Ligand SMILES: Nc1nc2c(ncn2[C@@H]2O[C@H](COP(=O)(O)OP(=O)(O)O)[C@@H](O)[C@H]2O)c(=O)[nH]1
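Single chain ahead, written as structure tokens, the form predicted alone.
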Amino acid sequence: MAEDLPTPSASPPPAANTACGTCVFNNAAQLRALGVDVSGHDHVVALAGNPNTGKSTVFNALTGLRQHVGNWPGKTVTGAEGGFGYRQRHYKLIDLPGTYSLLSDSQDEDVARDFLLFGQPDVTVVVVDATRLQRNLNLVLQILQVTGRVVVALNLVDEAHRHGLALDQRHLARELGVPVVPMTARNRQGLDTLLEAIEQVALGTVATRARRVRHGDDRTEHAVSELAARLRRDHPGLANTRWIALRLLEGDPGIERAVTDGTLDRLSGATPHAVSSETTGT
């Protein structure tokens, strides 16, 4: 149970462990640029999902009262963040705005996309509604193009069973290449399994093989590779250059804005920006 877990201490976190992959200590500057203070935490976990999937219920179950809300830097979008402990490690949990897609068409989608692309969280938990799985998997597959450090929280399984839907989470996990945890967040069912999966992905003790789309056309692959190489040269330290290159070639207006308004420079250079927050809990 989240409320029984150890409260994060004020002492500094241990030195970075090379086994932790994109450990928070390796990208703390990029996270600060996105308005997230990671001091005192060992790992950063992003919480993503479509609206009305029970994402906020999962967030509240994990963090209890250890949470606060505020606006994302430069945005009118409100976000929440909190903390939880598990097996003597401290986790910062970032509740991203509910979104149907990373193909940016709104400020909410801008925030979710930028955090996953440039913040490189240690783990991304994608909450999906088990009764509307086909619709929700669109976002899951898009996130898997950005990061393989994913846990799928298959929420509302009780509702799915009530509607006569059979769920094979093992088969789904094999197809997606990441852990899938069935749960009913409002009753805290599956929460312990979710915590364990988060820890395994954060520490790299479970091998994920995220399902990713590759373009079969050689000319497309050549263009993507060339543009990605140019992005790496013009923006040293920029993450996910292949995905950004694909979106630029497809004419994504959100990514085009990120190039022209200096967002890519800011995030690859990791200039810190303050975040305004209002405390709502302890």
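Start at 1 and count along the sequence shown; that's the residue number. Given the structure is predicted, the values throughout are model-derived calculations rather than measurements.
Keep in mind the form predicted together with the ligand is missing from the figure; the text below concerns it.
>> Quick check on this chain: which one of Asn136, Thr131, Thr184, Gln120 has a heavy atom within 4.5 Å of the ligand in the predicted bound form?
In response: Contact check passes for Thr184.
> Pick from Ala229, Ala223, Val69, Leu248: which residue has any heavy atom within 4.5 angstroms of the ligand in the predicted bound form?
Replying inline: Looking at Ala229, Ala223, Val69, Leu248 one by one, just Val69 meets the 4.5 Å heavy-atom criterion.
>> Considering non-hydrogen atoms and a 4.5 Å limit, does the ligand approach Asn50 in the predicted bound form?
In response: Heavy-atom contact with the ligand at 4.5 Å: present for Asn50.
> Might Thr57 be said to contact the ligand in the predicted bound form, defining contact as any heavy atom within 4.5 Å?
Replying inline: Thr57 belongs to the contact set for the ligand.
> Can any non-hydrogen atom of Val178 be found within 4.5 angstroms of the ligand in the predicted bound form?
Replying inline: Although the ligand is absent here, Val178 would stay clear of it in the predicted bound form, with no heavy atoms inside 4.5 Å.
>> Is Leu156 near the ligand? Define near as a heavy atom within 4.5 Å, in the predicted bound form.
In response: Residue-level check for Leu156: yes, a contact with the ligand.
>> To test your reading of this chain, name the stretch in 109-117, 198-206, 185-193, 136-144 whose heavy atoms come within 4.5 Å of the ligand in the predicted bound form.
In response: In short, 185-193.
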